[in-house]
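Only one chain is shown below, in structure tokens, and it's the form predicted on its own.
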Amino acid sequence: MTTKTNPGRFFEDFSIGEVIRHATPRTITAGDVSLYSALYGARFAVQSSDAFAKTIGYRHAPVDDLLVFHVVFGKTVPDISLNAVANLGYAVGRFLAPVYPGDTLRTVSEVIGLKENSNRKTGVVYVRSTGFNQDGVEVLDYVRWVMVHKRDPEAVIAEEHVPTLPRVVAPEALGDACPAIDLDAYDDGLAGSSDRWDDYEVGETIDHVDGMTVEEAEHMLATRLYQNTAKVHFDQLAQSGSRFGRRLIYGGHVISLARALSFNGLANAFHVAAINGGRHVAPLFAGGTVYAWSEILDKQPLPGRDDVGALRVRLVATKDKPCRDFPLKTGDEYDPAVILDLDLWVLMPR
């Protein structure tokens, strides 16, 4: 008896240096953009208004950076993380070109590292994934690492390697996805804040105040939007026998919620230029309420540009705990409420 279905890869199926061309190119439509807005309520003016975006220098309103990230990520799931235990982290993500409704995205990944866990039941796979548009232009690249089940605990792994990754994307590598911005046309009132790049200080912390409760249907709808097929998000029967006994909410859903909440305090941070690194510290389940706070880690001018500057932001999300006291760590241990610790470069008008 033969089968034509895809059971997904297990840890021992990967090899370092392997290049994977992922299936199902995805055309981003205005409907996708509207649904993304409905899911997260992001209010950044550049992505919300064609008129605003055109006035300051875009062709029209670009697709939200994180929607681009999720679609590029979603292509990889059937080949990388269908049998994942959990997605663990990200590094050196760069947004390289704007994406507009009507663009078609596809993804290619390279396996850059493998490390078997001591229990021999799982291992960590490191991949560099690159998203391209219909013209072959790179729009995004990033590294992620994911814990994947082994099919056979006794299987021998031929080669192991943990890649060394830079902690921060260099400022001179930022800004390719942001056209020249007409500062005279940038309307602070319409954008929602008069605070621009010069008004933020390194070390400043911002409680984004608002919270958002996650419903079961919302996170499944979001994950389907990205064509992310990971079993841990959808199959309650399978997950009933797991450690948590419940479906996990896709970590990217938490990232988008935290980014949307950050508008209240960072309204002019209209573009995510890079993901320096990040960890999903703890899982989130339906019924939990997400809050967020930020710390300004650095601020840098961009070489050759006087229209926008870069803020390096530590974006922290919590579950069921408001962030007025900026929960993070006690010693080396995270506060039990912290679910996301993300390091971003965002661009702001000067």
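Please read these numbers as outputs of a predicted model, since none were measured by experiment. Start at 1 and count along the sequence shown; that's the residue number.
We do not show the form predicted together with a further copy of the same chain, though everything after this point is about it.
4.5 Å heavy atom contact, F244 to a further copy of the same chain in the predicted complex: No - in the predicted complex, heavy atoms of F244 and a further copy of the same chain never come within 4.5 Å of each other.
Residue contact check: P301 to a further copy of the same chain in the predicted complex, 4.5 Å heavy atom: It does not: once a further copy of the same chain is placed as it appears in the predicted complex, P301 has no heavy atom within 4.5 Å of it.
Close approach of R305 to a further copy of the same chain in the predicted complex, 4.5 Å, heavy atom: So R305 does not count as contacting a further copy of the same chain.
A158: touches a further copy of the same chain in the predicted complex, heavy atom cutoff 4.5 angstroms: A158 lies outside the contact set for a further copy of the same chain.
All of S48, A217 and L225 within 4.5 Å of a further copy of the same chain in the predicted complex, heavy atom check: Yes, because S48, A217 and L225 each have a heavy atom that approaches a further copy of the same chain to within 4.5 Å in the predicted complex.
Position in contact with a further copy of the same chain when the complex is considered in the predicted complex, options K115, K150, R128, K231, heavy atoms within 4.5 Å: For this set of options, the contacting one is K231.
Heavy atom within 4.5 Å of a further copy of the same chain in the predicted complex - residue from V137, V162, A185, V209: The residue from V137, V162, A185, V209 that makes the contact is V209.
Among 194-202, 276-284, 83-91, 141-149, the region lying within 4.5 Å of a further copy of the same chain in the predicted complex by heavy atom distance: Among the candidates, contact is made by 194-202.
Sequence-ordered residues of 5-23 touching a further copy of the same chain in the predicted complex, heavy atom within 4.5 Å: Read in sequence order, the residues that approach a further copy of the same chain (within 4.5 Å, in the predicted complex) are T5, N6, R21, H22, A23.
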